[in-house]
Ligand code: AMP
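Okay, here we've got a single chain as structure tokens, the form predicted alone, with questions on binding and movement later.
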Amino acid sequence: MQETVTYELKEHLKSERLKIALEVNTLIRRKMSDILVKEGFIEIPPVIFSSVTDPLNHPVYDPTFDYEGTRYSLTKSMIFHKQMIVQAIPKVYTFSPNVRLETADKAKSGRHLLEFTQLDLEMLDSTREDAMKIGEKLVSGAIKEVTEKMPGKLKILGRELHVPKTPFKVYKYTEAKEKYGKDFEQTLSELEKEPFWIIDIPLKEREFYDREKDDEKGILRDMDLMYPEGFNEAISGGEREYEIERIKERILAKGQTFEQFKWFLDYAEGGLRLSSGFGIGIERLIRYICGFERIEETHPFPKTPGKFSI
């Protein structure tokens, strides 16, 4: 097995497709940083591990370790760190390494890695709609940059790509699910020719920190951006709960404890203001731009759910 893995890795590292993917990676990171800086964002360093991290809303293995009497987890996302620092610095972003040890069945999707990078951002005193505008600007800007500066490389990959028009189409979660069935996200992704949004996601589908609508109980001020052509999820985010009693209520409703999120709750007790934000999976964006069937082609040392990795 080890010899096979080593041979496959050598072939992968020498491939032209990987080289192009890494060139795309370099180009889009720079372009998206330029866009955000012009919009007044400040880049912050990533948090690699913490005493608390994103609980997520689906089962994953939780990599933890002890250090000097404290239990730490590797970062699944910087959601809590973003919501705290944005109270002092109104627009922040980071390229955050995330570790999510997904179950082996996720390997079938072609879009899951155990470690990946998110462009994670947060904005103070902003709404979901504000975040959606920034998300559209980043995705369309990255695609435009590649189509203009790497047309020859896209041709090598056999990839025909055009810059999507903004604003993107919007679907409501419940309406889309009723019309297209339980796999509506994948169905719509295969039907659509340009990126599109899914908004108003039910509370049960998300974590405790996402903000519930004031006029529609059980529905969140959330959004997901989906890629077309069957490439599925691009962005996930929304507005954050900022009132301490609502935060506590949601934690209990999720069957979690205050102790799990103690330092975040201690901070929130001092008062939070509304913020919104999201994360863009960098490898997923590269996969879409390059038209790769599987996300492993975007990374020189990919870690796939359920498989041995270097």
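Residues carry their position along the shown sequence, with the first being 1. The model shown is predicted, which means the values in this text are computed figures rather than measured ones.
Below, we turn to the form predicted together with adenosine monophosphate (AMP), even though it does not appear here.
- Within this chain, Lys91 is remote from the site of adenosine monophosphate (AMP) in the predicted complex, having no heavy atom within 4.5 Å.
- In the predicted complex, adenosine monophosphate (AMP) sits within 4.5 Å of a heavy atom belonging to Gln118.
- For Leu56, a non-hydrogen atom is located within 4.5 Å of adenosine monophosphate (AMP) in the predicted complex, even though that partner is not displayed.
- Under a 4.5 angstroms non-hydrogen atom cutoff, adenosine monophosphate (AMP) in the predicted complex lacks Leu138 among its neighbouring residues.
- Among Arg211, Arg100, Arg128, Lys153, the residue placing a heavy atom within 4.5 Å of adenosine monophosphate (AMP) in the predicted complex is Arg100.
- The contact residue chosen from Glu205, Glu190, Glu194, Glu233 relative to adenosine monophosphate (AMP) in the predicted complex is Glu233, the criterion being a non-hydrogen atom within 4.5 angstroms.
- With the partner omitted here, the stretch from 38-46, 277-285, 257-265, 25-33 that lies within 4.5 Å of adenosine monophosphate (AMP) by heavy atoms in the predicted complex is 277-285.
- Residues are counted as partner-facing when one of their heavy atoms sits within 4.5 Å of adenosine monophosphate (AMP) in the predicted complex; in 286-310 only Ile295 qualifies.
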